[in-house]
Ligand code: HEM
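Presented below, as structure tokens, is a lone chain in the form predicted on its own.
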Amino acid sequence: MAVLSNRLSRWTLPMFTCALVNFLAAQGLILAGLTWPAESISTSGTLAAVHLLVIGWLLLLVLGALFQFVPVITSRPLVSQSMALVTLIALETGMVGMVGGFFSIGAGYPTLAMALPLGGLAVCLGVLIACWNIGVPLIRSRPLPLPGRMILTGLAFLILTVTLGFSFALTLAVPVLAPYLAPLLAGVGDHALAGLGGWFTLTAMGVSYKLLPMFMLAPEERGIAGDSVHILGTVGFALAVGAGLARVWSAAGPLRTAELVGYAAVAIAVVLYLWDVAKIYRTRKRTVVEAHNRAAIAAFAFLGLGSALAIGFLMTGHLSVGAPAIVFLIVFGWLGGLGLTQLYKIVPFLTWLSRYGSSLGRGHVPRVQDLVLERRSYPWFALYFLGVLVGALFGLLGSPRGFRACIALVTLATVGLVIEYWRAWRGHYAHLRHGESATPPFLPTQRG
């Protein structure tokens, strides 16, 4: 445990905090009726909410986790803890600029709209710094385990995603460049696929391949199944995104075929992954599954549901009709749901390492489980996933009022879970159980 304490990332919990605030802010825009389905998916409110979700919430969440996670799986430190802080500042500043830029374009203020590409530039800078900080220890680690290989692949898709996004921002905010870059706007769907699929989903799969066995005491070696998920997912997303972007300039038949082959490979990868996850649950040595991994089953179910809907709409030629609801299921159900469930374990785990790890063997030390009260979390997780499921249904039916009512439930559940994270961080339940001081356990002076 002392080794892990020395590798604590001092900026991981601040990144989680900013991510949760951004998540709630995006939900606030939806509740205010400024986004889909009350408004078109191309309106400034929808675009602002989407980028609050994918940059402000998911990107900060995943990078914060990787800053802690990568040194553990590679036994190598990050390049710099200061780079993690610069990443946080750049991404948060850039995200605020992009959100302001979207609203400025919608309000007809072209001068203020320059905040969009400037914010995009800051996001690109933050991403490049983060990729260097995470990528160097991964590349230098030999042999690199499956989670590390999947994270490296995800980083490549992340760079592609932000590059495309910056091009779109220049097109929207700089009229002189519009004639040259405007065709790229037809590739917005491929931009989303590269980010939500190639970056977030492959990375989430890789991280789960480490965290699930670690906390459930299951075999970590995934064998041919894990390698197949990685290869099929990588090739599938690369084919789908690459052929999709190429079709912006050419409608050649082979490109469409390559795109469909890519989607098929992704579908097979998802099926294999879910089968392998089920195997992890079956082969675990821990008899009682903790709350966060029980709740995570719903997130995996949403990955399967979103993928099945995507295949169904694709085969019927109506993918564009179902795309908003599918994206909602993936962002809120799969990625957001997995993030919220794993935070319920990661926050107390980091709190325990920071506060009690160095005191192990020198007096009474509570367990990680003592920092949470699991029965308090189940209603919030149930409310969250129920709100997402019914909300997606209302979205497909085109009912803004029903959708917003479900988001109200999702927001209430998110606030409830945030309070539980806060109590874990403060040692609230350990204080109640053991009469300990509830002083903040994670101080900025801790070593990274």
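Since we're looking at a predicted model, the values are computed, not measured. The first residue of the shown sequence is 1; numbering continues from there.
This next part talks about the form predicted together with the ligand, which is not shown.
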Answer with one of Phe166, Phe215, Phe103, Phe349: the residue that has a non-hydrogen atom within 4.5 Å of the ligand in the predicted complex.
-> Phe166
Could you check which residue among Ala113, Leu158, Ala325, Leu338 gets a heavy atom within 4.5 Å of the ligand in the predicted complex?
-> Leu158
Quick one: find which of 287-295, 81-89, 167-175, 131-139 has residues within 4.5 Å of the ligand in the predicted complex by heavy atom distance.
-> 167-175
Is Val188 one of the residues lying within 4.5 Å of the ligand in the predicted complex, judged by heavy atom distances?
-> yes
Look up in the predicted complex whether Thr414 has a non-hydrogen atom within 4.5 angstroms of the ligand, and give yes or no.
-> no
Exercise: Ala65 in contact with the ligand in the predicted complex, heavy atom 4.5 Å = no
Non-hydrogen atom contact Met98 with the ligand in the predicted complex at 4.5 angstroms = yes
Would you give me the residues of 192-218 that have any heavy atom within 4.5 Å of the ligand in the predicted complex, in order from first to last?
-> Ala192, Gly195, Leu196, Trp199, Phe200
